[in-house]
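Below you'll find only one chain, the form predicted alone, shown as C-alpha cells.
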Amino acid sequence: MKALRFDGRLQLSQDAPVKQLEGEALVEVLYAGICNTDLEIVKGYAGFQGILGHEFVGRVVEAEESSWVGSRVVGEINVGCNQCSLCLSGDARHCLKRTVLGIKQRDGAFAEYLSLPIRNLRPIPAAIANEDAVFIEPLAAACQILAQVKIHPGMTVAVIGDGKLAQLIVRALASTKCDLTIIGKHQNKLDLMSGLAGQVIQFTANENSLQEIFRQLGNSRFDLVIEASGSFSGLPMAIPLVKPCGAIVLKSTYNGSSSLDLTQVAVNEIQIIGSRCGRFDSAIELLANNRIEVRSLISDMIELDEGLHAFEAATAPQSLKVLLRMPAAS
C-alpha cells in the first residue's frame, strides 16, 4: 500500500506492507488530517518513526466481529494494554503501556489502511460527511477542556492561538456564554473566529508581544487562559495574563524545550492543567446536530500521492487543516 512514512525524513512509500494486528480491525482510510503534532514529529517530537497520522475517517474492511465490516468509522488513538486499572476503568488514554496511532509505537493513518482494536472504533452517523468526520479527533481534544474545567457564563476566558486546534476550541467554548477573548497573529485565521468572541486581539511576534497585547487589553487579566499556540512561547505569554488564583489549560505540544520562570505561578497560585485527548461522543454529537461548523477550516485537500506537498502546504503560516484524500475516497 501507499503510505507516508517518517524514518528521520518524510517519504512516500509505494509498497508499505498492510498490517492487520492480531484481534484488530483493518480499516481502509478515506481521509486523514494533518495536525500540528504531525508537523512536530518530523522535527523530532516524541521520537516516533513509522507511518504518521492520527486524524482519520475510514471504512472497516476486516474484523473478527463481522457486523463492523462496511461501517464508516473514526478511531480513538490511544490503544491501552486492556489489563491495567486505567484500561479496565475505561480510560486507555493514560495507560503506561499504551501505543498511540501515528505517534507512539503504532503506524498511523497516512496510508491506505490502518489497524485498530474494535474497542477504539466509533461509528459515524450518516449526517456527518467524511470531510467533517476527520475533525472528530481534534474536536474531542477541544471538548476535553469543558470536561476538565467548569466554564460558566460571564467567566473571562482567553484563547492564545489561532491555528487548527485553537479554532475548534473557540467553537467548543462558544456554547458556554463565557466572556471570550482570542489572541493570535494571523488576520485571516482570526477573522474565522471573530463572530464567536467578544474581543479579538492581533499581535506581532517579537520581544514586545506581551506589551502590545496588554495595550489592547487595558491590563485586563483572565479567570482562565487556554494556551493553544503550538509554540514554546505560548506558556510564558499565558502566565502574566491570568488573574491570581486563576488557571491555564495547556494544549500545546512541540519539539524541544524552553527555560521558564515559574515564580509567578507559585506567587499568584495559578493552576496549570494539562489537556490532551478527549472522548469522541461529544464531538460526534456536535457535528451530527450541526452545532459546530468545521468545513471552513479546510485549507487544502490533497491526494496521498502528493503527501510531501501536503506537508509543505500544512506548514504555511496562513494554512489551517490540510486533508489527505486516499485512493478509496475517489
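Residue numbers here begin at 1 and follow the sequence given. Here the structure is a predicted model, which is why all the values come from computation and not from measurement.
Missing here is the form predicted in complex with a further copy of the same chain; even so, the following discussion is about that form.
Participant: Can you pick the stretch from 90 to 98, 161 to 169, 126 to 134, 178 to 186 whose heavy atoms fall within 4.5 Å of a further copy of the same chain in the model of the complex?
Facilitator: It is 90 to 98 that comes within 4.5 Å of the partner.
Participant: With the distance limit set at 4.5 angstroms and only heavy atoms considered, check whether Gln144, Leu262 and Val267 all reach a further copy of the same chain in the model of the complex.
Facilitator: Every residue of the spot touches a further copy of the same chain in the model of the complex.
Participant: Check whether Thr253 has any heavy atom within 4.5 Å of a heavy atom of a further copy of the same chain in the model of the complex, and answer yes or no.
Facilitator: Yes - in the model of the complex, heavy atoms of Thr253 and a further copy of the same chain come within 4.5 Å of each other.
Participant: Does any part of Arg221 reach within 4.5 Å of a further copy of the same chain in the model of the complex? Heavy atoms only, please.
Facilitator: Arg221: yes, in contact with a further copy of the same chain in the model of the complex.
Participant: Could you confirm whether Ala205 comes within 4.5 Å of a further copy of the same chain in the model of the complex, counting heavy atoms only?
Facilitator: So Ala205 does not count as contacting a further copy of the same chain.
Participant: In the model of the complex, is there a heavy atom of a further copy of the same chain that lies within 4.5 Å of any heavy atom of Pro244, even though the partner is absent here?
Facilitator: The answer is yes: Pro244 has a heavy atom within 4.5 Å of a further copy of the same chain.
Participant: May I ask you to choose, among Leu39, Val69, Ile298, Ile272, the residue with a heavy atom within 4.5 Å of a further copy of the same chain in the model of the complex?
Facilitator: Only one listed residue qualifies here, and that residue is Ile272.
Participant: Note which of Cys277, Val60, Ile292, Leu30 lies within 4.5 Å of a further copy of the same chain in the model of the complex, where distance is taken over heavy atoms; exactly one does.
Facilitator: Looking at the other structure, the residue within range turns out to be Cys277.
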